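Below sits a lone chain in structure tokens, taken as the form predicted alone.
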Amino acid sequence: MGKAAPDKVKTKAEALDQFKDGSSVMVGGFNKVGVPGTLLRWLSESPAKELTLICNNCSNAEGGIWYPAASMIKAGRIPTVRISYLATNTDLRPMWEAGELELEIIPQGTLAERIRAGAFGIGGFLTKVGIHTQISEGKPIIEVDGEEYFLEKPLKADIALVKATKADKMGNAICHGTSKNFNTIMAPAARFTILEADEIVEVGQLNFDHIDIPSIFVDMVVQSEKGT
């Protein structure tokens, strides 16, 4: 699909066709804000397995917006999780301790910066956050002006699932308030980006000075279903 296509609005079936075994999947959102709930539910309804999930958090509260993804982790369909915040999912630590889950805990700012690096072709960055802990194990330590840092590498994905308040048919999107969170940096960090929008309008109806996610980073647009 061309990034410059004038109409990227697609159906559920066309979105489901993008979910393949073995894919790495970034999912935007922070707690309950800015989460592409419709796309998460569709992902869980697909047969895709052996996935890697990259997200800030993933609550396993039954009926919650993250529950479809949490259920996939519990079922073994997502054997690898790269995440910042564990407290809302009581399954992750026991599964990791039992050897049922590969779990990488990434400090929140580091997660954001690794995704940004992946999106814009940056080879990595230096940080002190987590130095001389399990977070820095096996990573190069570099001295700068007498201070020790370690190298964090870029993070990219096969698919990004992101959420917007309003988008035009080409994929230009506005994210309201704090829903900008990880959505704006994940959209350009994936090979294929699906954007879920609460409202879809014609091209030209959005103020382009207010665009948070430019259409060049979006491959597909879907309508958010009621309740998500």
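This is a predicted model, so every value here is computed, not measured. Numbering starts at 1 and runs along the sequence shown. For clarity, a rigid core is taken as the largest C-alpha set superposing within 1.5 Å between two forms.
Beyond what is shown, the protein has a form predicted in complex with a further copy of the same chain; the following relates to that form.
- A residue is said to contact a partner when one of its heavy atoms sits within 4.5 Å of a partner heavy atom; G76 fails this definition for a further copy of the same chain in the predicted complex, lying far away.
- Using a 4.5 angstroms limit between non-hydrogen atoms, K153 touches a further copy of the same chain in the predicted complex.
- Although the partner is absent here, K49 lies well away from a further copy of the same chain in the predicted complex, with no heavy atom inside 4.5 Å.
- At a distance threshold of 4.5 angstroms between non-hydrogen atoms, G63 is out of contact with a further copy of the same chain in the predicted complex.
- Taking a further copy of the same chain as positioned in the predicted complex, none of the residues of 65 to 91 brings a heavy atom within 4.5 Å of it.
- After superposition on the rigid core, the Cα of P94 moves by less than 2 Å between the shown form and the other one.
- Residue displacement note: G146 has its CA displaced by at least 2 Å between the shown form and the other one (rigid core superposed).
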